[in-house]
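Here's a solo chain for you in structure tokens, the form predicted on its own.
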């Protein structure tokens, strides 16, 4: 008889499968229930396929600028069919890898749709018919999220698509209106504008990427404009109809009625927690505004039931779900662990890339900090010049009293990789001096982080410092 503690994970996305692996590593007998493909939205229809298209778009832009790089490249074009095949190949390979990890860790994977019968039992509806009852010591709900469709007239029209469909179009459309200027919207604007599509972005908020460092979002907006993307902030979409170049989007801007027409309309206004069909009432699990309510230990109001990832509504990022999965597994297995959201990096894979961790300058001032800021433009970075990508900057926000780093924000090449230094700095409560006196390799874009830390004290080496 197997006397190990048993855990069932509902959902096999980046939160669920990581939670399952961690619980198994800690000695649990684990069952994972997944109704679709392992990897969830992130791997199959989100993070990974989007970045595959973005990578090709980046290379395509570099080829278009080949003369400035000392290269002669003629008669190149986008092989859209080949790109779609590569996307499927990479995704399938990663799904196969997750499947292998389940086997390697002795995790029982059950394909089907789960619903609670009681706090200690779920019933899984199997795809071939029939049901399977699973009783375990603890459950982890990791059911993710679904696209939010706003109540706009015309969203049901042919040609109005969501992010999943935008990853597998038959061809690059001639024109596209993107409703939403958040991460999903601006990444798709980058992809399709780079590949020759006429793109318009309609964002209801005063600026795109409203949760990112304000100064950098303006630079990125200008960069998109230089690529031909038309961005309208403060635009409230009222309806969509079948006129113009296939579809006509009606919106209000500055009190006036405006229109934008396109072949495709991408609705990218965000996602909502998905708990449909779970029958949480039978388990007594509480929802708050549609989200599974949890504490920092990822516990719900029911002692043996935990929840992680997008369904909690905490922070809808794959790496947050994975971290929450580890926290939940550790707590189930007797370790006392809490989730710390201070060091969560946010990444946007545009061109240039943008990433941030910690407080923005505005957020720090609103919290009452006496703020000091260091900035280093990548136009002064040797490596950025080598890469022909100099339009960005590094910005560090610090507390003047203790010199503690409060936020690190990067706009430029490989920003999404470099932000790990900022996350570590926040986790270790590093000071500006500790970053500035850490030797950074030359020539690298990472040197700009060191220079920004120096700039906060008017001590930067490779740019003129403020006087006084």
Ligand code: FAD
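Just so it is clear, the model here is predicted, and its values are computed rather than measured. Positions refer to the first chain, counted from 1.
Another form, the form predicted together with flavin-adenine dinucleotide, is not on view; read the next lines as being about it.
Participant: Which one of 112, 391, 173, 358 is close to flavin-adenine dinucleotide in the predicted complex, taking close to mean a heavy atom within 4.5 Å?
Facilitator: Selected option: 112.
Participant: Considering 432, 406, 42, 411, which brings a non-hydrogen atom within 4.5 Å of flavin-adenine dinucleotide in the predicted complex?
Facilitator: By the 4.5 Å heavy-atom cutoff, the listed residue in contact is 42.
Participant: Give a yes/no on whether residue 454 approaches flavin-adenine dinucleotide to within 4.5 Å in the predicted complex, heavy atoms considered.
Facilitator: No, residue 454 sits far enough from flavin-adenine dinucleotide in the predicted complex that none of its heavy atoms falls within 4.5 Å.
Participant: Does any heavy atom of residue 35 come within 4.5 Å of a heavy atom of flavin-adenine dinucleotide in the predicted complex?
Facilitator: Yes, residue 35 is a contact residue.
Participant: Given that flavin-adenine dinucleotide is not shown alongside this chain, does residue 145 nevertheless sit within 4.5 Å of it in the predicted complex, heavy atom to heavy atom?
Facilitator: Heavy-atom contact with flavin-adenine dinucleotide at 4.5 Å: present for residue 145.
Participant: Is residue 47 close to flavin-adenine dinucleotide in the predicted complex, meaning a heavy atom pair under 4.5 Å apart or at it?
Facilitator: It does: once flavin-adenine dinucleotide is placed as it appears in the predicted complex, residue 47 has a heavy atom within 4.5 Å of it.
Participant: So which of 213 to 221, 283 to 291, 394 to 402, 311 to 319 is the stretch with heavy atoms within 4.5 Å of flavin-adenine dinucleotide in the predicted complex?
Facilitator: Partner-contacting stretch among the options: 311 to 319.
Participant: Enumerate the residues of 4 to 35 that have a non-hydrogen atom within 4.5 Å of flavin-adenine dinucleotide in the predicted complex, in sequence order, or give none.
Facilitator: Contacts from 4 to 35: 10, 11, 12, 13, 14, 15, 16, 33, 34, 35.
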